[in-house]
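Listed next as structure tokens is one chain, alone, in the form predicted alone.
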Amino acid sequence: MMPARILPVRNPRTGDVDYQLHCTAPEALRDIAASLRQSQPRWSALGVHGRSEVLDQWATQLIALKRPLLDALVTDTGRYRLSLAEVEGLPHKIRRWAKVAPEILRTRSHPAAMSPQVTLDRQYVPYTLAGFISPWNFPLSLSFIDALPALIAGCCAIVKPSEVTPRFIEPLRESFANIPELADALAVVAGDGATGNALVNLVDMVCFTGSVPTGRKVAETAAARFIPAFLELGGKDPAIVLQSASLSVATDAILRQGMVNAGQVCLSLERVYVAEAIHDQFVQLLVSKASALEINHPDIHKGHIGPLIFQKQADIIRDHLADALERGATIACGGSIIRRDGGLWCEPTVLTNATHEMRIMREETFGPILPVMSFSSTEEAIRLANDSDFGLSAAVFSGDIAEARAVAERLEAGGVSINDAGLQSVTTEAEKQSFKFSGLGGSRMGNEGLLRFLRRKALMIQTGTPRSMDAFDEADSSIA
């Protein structure tokens, strides 16, 4: 067996390489996949209630091991409050799925519409082995946003978190190591893109969250193997602020959704379109609020803006800002990436005079930057918002809900928040799909978030008398 590859891992607050990631070797990955396949019939046979009981034990263990898991996530990401929310949120998500899954999975027989003597029933058959490849911005949450419903559905799961934020893997493994049924159904492996590519070639379906270029590779590999791929990819989410909107509400929500986690959120607002009549007032208020935000350095427990987790993201942000300035944009506040103790922080930034010729209005920036454009009509606002390769989510602000809804219904995005932003993150029931290059496959929210891990088998029961071949005797046919 070849020795494991070792990758250096950078601390985002200090800039130091202070951790080494030992990648799961290809041979070990194959053995893990084979072992999970052998275990899956037993996991499936537990039934939804049995699997829920096992996962409830895991939730209890996660609560007991909160501190080491939190410490690892904080070091991985350089931020505290959101890391705490990830750790505390996972047990709640486990128990939520356990609560709703029995009703989702309940099947009901009924007569066939065209043949009442035939009774139709359904069997749900889980995919044997599901693979999950997750990104670095919310390492724990996005590792299990899809894997949890897969486990509840009866799949065995193999999860590969990002190599950028891998420290939480060991305490995570410890959290279920002493729960035999789960340890036989779930594996968390370490590695980079090569490991992820190998994983796609070992599973029966795959969920990927990350960039469009990598998502395309995952989709191509999955298509070659005829396995389903569910992709949640990049975004360039727009906000439309109509003339009747409350400036206080709009600026609060847009600022939060553009700046939270230093803009390192797939649902981050990255384009803002404001009615001409209120544009200047909006910008003035937005800049005032953005200027009051503080970098959370040196004390991780103070301030609003955490460090840039992935060092390469700083280069993308710099390039986007430079291109925007060269093409005529104006920095209303912020505009710089600053170094503190080796870590990189991007100042909360508002840009005006933005246009669609700028990369910052067309490519995913993934930083705390809000470029603002004005529009003269609702039609123009809709056209600008839809002028994008992405269609993950969007937001509309108006003093009239009917007016906002009319605009929202014409936006090419999977989820649209009205008089707020990013509401997908606070509800689990709203089913949505990504438009354009923002993704592929069924909704990860709502009932579909569970059902996509199950193949539907139709059971058709004849309660009458089957037709004989005499029904096809040509002697009995005639032309009407």
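Quick caveat, the model's predicted, so the values are computed rather than measured. Sequential numbering from 1, following the sequence displayed.
This next part talks about the form predicted together with a small molecule, which is not shown.
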query: Interface residue in the model of the complex among V203, L392, I309, A239, criterion: non-hydrogen atom within 4.5 angstroms of the small molecule; finding: L392
query: Listed residue that, although the small molecule is not shown, lies within 4.5 Å of it in the model of the complex (heavy atoms), from M361, A130, A153, V218; finding: V218
query: Contact flag, D315 vs the small molecule in the model of the complex, heavy atom cut 4.5 Å; finding: no
query: P348 within 4.5 Å of the small molecule in the model of the complex, heavy atoms; finding: no
query: Residue contact check: G303 to the small molecule in the model of the complex, 4.5 Å heavy atom; finding: no
query: is_contact(K436, the small molecule) in the model of the complex, heavy atom dist at most 4.5 Å; finding: no
query: Contact at I254, G334 and I369 by the small molecule in the model of the complex, all three, heavy atom at most 4.5 Å; finding: no
query: In the model of the complex, segment of 90-98, 120-128, 242-250, 227-235 with a heavy atom within 4.5 Å of the small molecule; finding: 227-235
